[in-house]
Ligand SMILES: C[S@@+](CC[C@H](N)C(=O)[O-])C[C@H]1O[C@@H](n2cnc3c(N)ncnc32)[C@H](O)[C@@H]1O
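The data below hold one chain only, encoded as structure tokens and taken in the form predicted on its own.
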Amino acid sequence: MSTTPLFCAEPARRDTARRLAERFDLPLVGKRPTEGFWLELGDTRLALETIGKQGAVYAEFVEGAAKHRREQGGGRGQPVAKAVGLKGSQSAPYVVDATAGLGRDAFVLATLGCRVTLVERSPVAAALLFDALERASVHPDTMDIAARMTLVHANAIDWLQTLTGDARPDVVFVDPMFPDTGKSAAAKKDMQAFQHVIGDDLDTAALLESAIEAARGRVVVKRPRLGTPIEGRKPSACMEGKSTRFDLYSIKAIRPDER
């Protein structure tokens, strides 16, 4: 069971809170905590809360930055779209986002026509994603996009190994959380809180191998522009932006006999 409790602040949504607690194995509490971090279900959304000024953390696909990127994001010219291989009028690939987090890149890809499976092992992040997808699925501006997104609460290393045949994705997308090196003090306080609760991904080498075995076309690893690659295999190619780099692992180059 997760150590992060769930508190329902809206009495009318107690049944929803119970379902969330059962689905993601979260301890349901009757009073708002006075220390640490907790999930809070309000009248409109689920959010990760804490005492102080760090601000609430929640996944959002309808309003705010998601809306702006949906309407003004640049379409298939966006770096993440190019990284997964979206080109011109070609059909969109099936993508597995193996470290879904708050689902921001997954939502962009689904907006551009990709079918995306979001895999998230953290019960806190998975619950936030579930809530955001529920809200997006009933909003007229996003319901078609949400219909292309499927949430799986599982360890991606193990889950990817279960895929065979047509269930294998064209692309596996990986955006791991690496330990803080002390150089990311500029990160927003709310995201610092999220990383504190979710934790670092210390098994990225194993995840990369599972991703390579599962993908039909390529594995894409998102990194800070000056960040170190995942240990093990050398990327087939890299795409650098102003602050972000995408390391590409071509399955054709790794397994030339695979069709």
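The first residue of the sequence shown is number 1, and the count goes up from there. For clarity, every value in this text was computed on a predicted model and none was experimentally measured.
The same protein also has a form predicted together with the named molecule, omitted here; what follows describes it.
- The partner is not drawn, yet in the model of the complex one stretch among 162-170, 122-130, 135-143, 74-82 has residues with heavy atoms inside 4.5 Å of the named molecule: 122-130.
- Taking the partner from the other structure, the named molecule in the model of the complex has a heavy atom within 4.5 Å of a heavy atom of residue 198.
- Within 4.5 Å of any heavy atom of the named molecule in the model of the complex lies no heavy atom of residue 46.
- Though the partner is left out of this view, residue 177 does reach within 4.5 Å of the named molecule in the model of the complex, counting heavy atoms only.
- Although the partner is absent here, residue 147 lies well away from the named molecule in the model of the complex, with no heavy atom inside 4.5 Å.
- Taking the named molecule as positioned in the model of the complex, the residues of 144-159 that bring a heavy atom within 4.5 Å of it are, in sequence order, 154, 155, 156, 157.
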